[in-house]
Structures are given as C-alpha cells and as structure tokens.
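In structure tokens, one chain follows: the form predicted on its own.
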Amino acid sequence: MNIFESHESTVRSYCRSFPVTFDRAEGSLMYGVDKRAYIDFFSGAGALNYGHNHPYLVEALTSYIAHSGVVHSLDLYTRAKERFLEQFVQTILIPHGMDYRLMFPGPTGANAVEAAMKLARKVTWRTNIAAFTGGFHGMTLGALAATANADKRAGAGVELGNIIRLPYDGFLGVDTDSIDVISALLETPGSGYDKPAAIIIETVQCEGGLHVAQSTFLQSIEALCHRLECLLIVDDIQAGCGRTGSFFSFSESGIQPDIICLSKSLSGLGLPLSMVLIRPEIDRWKPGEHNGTFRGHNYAFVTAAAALEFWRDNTFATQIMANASFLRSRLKEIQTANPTTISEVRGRGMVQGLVCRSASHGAAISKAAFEAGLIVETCGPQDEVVKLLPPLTIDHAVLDDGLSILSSAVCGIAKNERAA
C-alpha cells in the first residue's frame, strides 16, 4: 500500500477502517488481491443497493458500450436519457400517483441538495432553510450548512449560515413532542424565527445515527409547510431507492414532498447519478440557471433504467421486507445477549444498526468484524452506531453468515470489557 501512503491525500477515510487492496467484487462479496472474500454490509455507503456488478445491469451497460452509445452529453437529448425518463415515469411515478419534473443537477447527492435548496429560495424569495438535528446532506458548502455534524461542519473553514436548526423526531426525549416545539418556533410571533424557504428532512438519518421519523411526524411537518407556505424537501439519497422497502422511504407516510433528492443507488451499478424531483408548478428555472458538466451521464442512465426492472411489481419489495424482518430479529438477539455493550437496535428496512453504550465500541466492533471477513461501518455523532447496509439483493445465507460474524465481534468486545 506504499503508493497510497506516499501519494494519496490524507483526506482518505474508509480505507483506514478497511485496510485491504480490493481487486474484485460480485453480489454481496468483495475480494482482496490475496483472494480473501469479505461479506459487504457497507454497499458503497448505500450506492450499491443491488450489490456489486449485478449481471443484468452489467449486461445493459456493456451492450450500450459495444454499440458506441453516447457517453457524455451535458443536457442534450439522448436515447439513454429518454429510456430512463420513460421507465421512471411508467414504473415509479404513475404507480405512486406522483407528478414531478425530473432534473439532473450533477453526479452526486450533494449536487441534488444544493439544487433543491437553491430552487426553494428562488421560488419563495426567502433565505433560510430549516434543517434538523442529526441531519446529513452533503459536504459542499450549502449542503454542509444543513448538515448537523460538528466535525464535518468544522472542515468548511467559513461561516455556514442561512440555516434554521430544528429538533428531529425524538431528539428532545420521549416526553417532548418535537412538533410542538417546531410549531412554536416557526409560528409564534416574536419567536425570532423567520419563515423558511423550505424544510429539508431525511426520513431515516442514515449518517446521523439511524434515527427514524414516525409517519405522524412527517405528516405534521408537511402540514406545517403548507401553513408556512414553504417547501418540503425530502432528502432520500441514502434511504431511498428501496433501502427501507418501498422505492421512496416516505411512501407509507402518505406525504407528497415538493422536492425529492435522489442519488446513491439511483444508477444501480454505483455509477454517479443524482436527480431532483420537482412539482411542476415550482419548476421555475430559467434555461441554464443551474447546470453542470456531468449532469448527463448516459452510462448511469442506462443502468438506472435497467435497475427499475426490480420495481415492476411488489416481488422485490416483499423480499426486502422479509430480509429486513430477519435482520431486525438477529440484531435484537445480539442486543439481548450483550446488554452492557449494546443499548438498542435502530433503523428501518435494510438500514439498521446497533447502538453502542460506549462510542469506542463502534470502531472496535467494526474492526473485529473486518478482521473476521465482514465490512460494516459506523455512524452517529460519535460513530457510536454500527450501521448495516447489506445489498437489497443479498442471499439469505450470506446475510446470516454476516450477522454471525457481527455477533461474534460484539461478543468479543463485551468479553474484553468484562475482563477489564
């Protein structure tokens, strides 16, 4: 690894937790150059919901390349984009009873968030965006301003403003309704809070510690937005594209956001692609008012269209929820067996995790699991949550094997604690 140590920036992070040079990946497994297999419960930080190199998606892409399909096109019309738009409208929007314009702002989730916030300010002529405690929305300055993590915000080097911080569902404890506090702050004369241009929210705070917003909370936020005449933005970048069971993480709540941000697993194969869904009446961009060189990544359009085949009926969603139920039960077993190390199980669908009583336990569990052949990361303000993001397509036996490795890792940490 001398080449990495000698020439790559010190900003690298995940490779420090998983110090292996990887050579190949297939399905739910990654292979080091030494041929050792690792079960992947990381899934590219949620960018690989369909696993590594899914053969159907690979076939679609290689066929497109073999026929000299357009690669780069900015926002020119291409057949690849046309097919994706057709598939997304027919497979996702129409069945969900949704009517949105689709915007491609650039290749990353942060690009989608930046565009959403910029449009909200343009439409409402207001400056502030309301964001939540525990939220994570990206590392570019606008998205970072909406992000709550102090360490990440500190890296900006400049003041991060024009954000109103609100308490997330449950942040103030079980005896306090966050909605009552939010309503008092934003609707009471003399509170000192100006009406925001938008409220941006994640239904599951995947980076913030796997906190889950209840449907009633989301419905109340939507109603509040209507009263304030501000926009509701749902950041579905990590929790969306099926991670919680349905394609959109907010579907079961019945809300209809004004703007939806998607990225990560949108392309299905790990190719960079992001998209902003905009209600037609607020699609008020002037031509070229927001753009980017790589907003038309045709390889990603090809694989994204192919990935939508998973959502033709309810079969895939049913499979996800069955795996999610099994995942929950196994994590509960681990918690019950190690009560002095694990305080609770959090999350929803196929993004769940173990909350450690000591922040240091998260890194220790991740390290022990990796040494035994499992890639699993941590999250939360102190990295105190061991976060599981298995591929949605994972074989049940592989999922079981990975959870057994995790269980052994947790038990090992608990045993060491008792010995100390």
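For clarity, every value in this text was computed on a predicted model and none was experimentally measured. One rule holds for the numbers: they count along the sequence shown, beginning at 1.
The same protein also has a form predicted in complex with another copy of the chain, omitted here; what follows describes it.
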With the partner removed from view, which of 221 to 229, 175 to 183, 321 to 329, 241 to 249 is the stretch that lies within 4.5 Å of another copy of the chain in the predicted complex, judged by heavy atom distances?
175 to 183
Check residue 144 for me: does it contact another copy of the chain in the predicted complex (non-hydrogen atoms, 4.5 angstroms)?
yes
Contact test in the predicted complex: residue 294 vs another copy of the chain, heavy atoms, 4.5 Å
yes
Closest heavy atom of residue 75 to another copy of the chain in the predicted complex, within 4.5 Å or not?
yes
Is residue 411 one of the residues lying within 4.5 Å of another copy of the chain in the predicted complex, judged by heavy atom distances?
no
In this chain shown alone, the residue from 388, 48, 374, 60 with a heavy atom within 4.5 Å of another copy of the chain in the predicted complex is 48
Within 52 to 79, the residues having any heavy atom within 4.5 Å of another copy of the chain in the predicted complex are 52, 53, 58, 61, 62, 64, 65, 67, 68, 69, 70, 71, 72, 74, 75, 76, 77, 78, 79
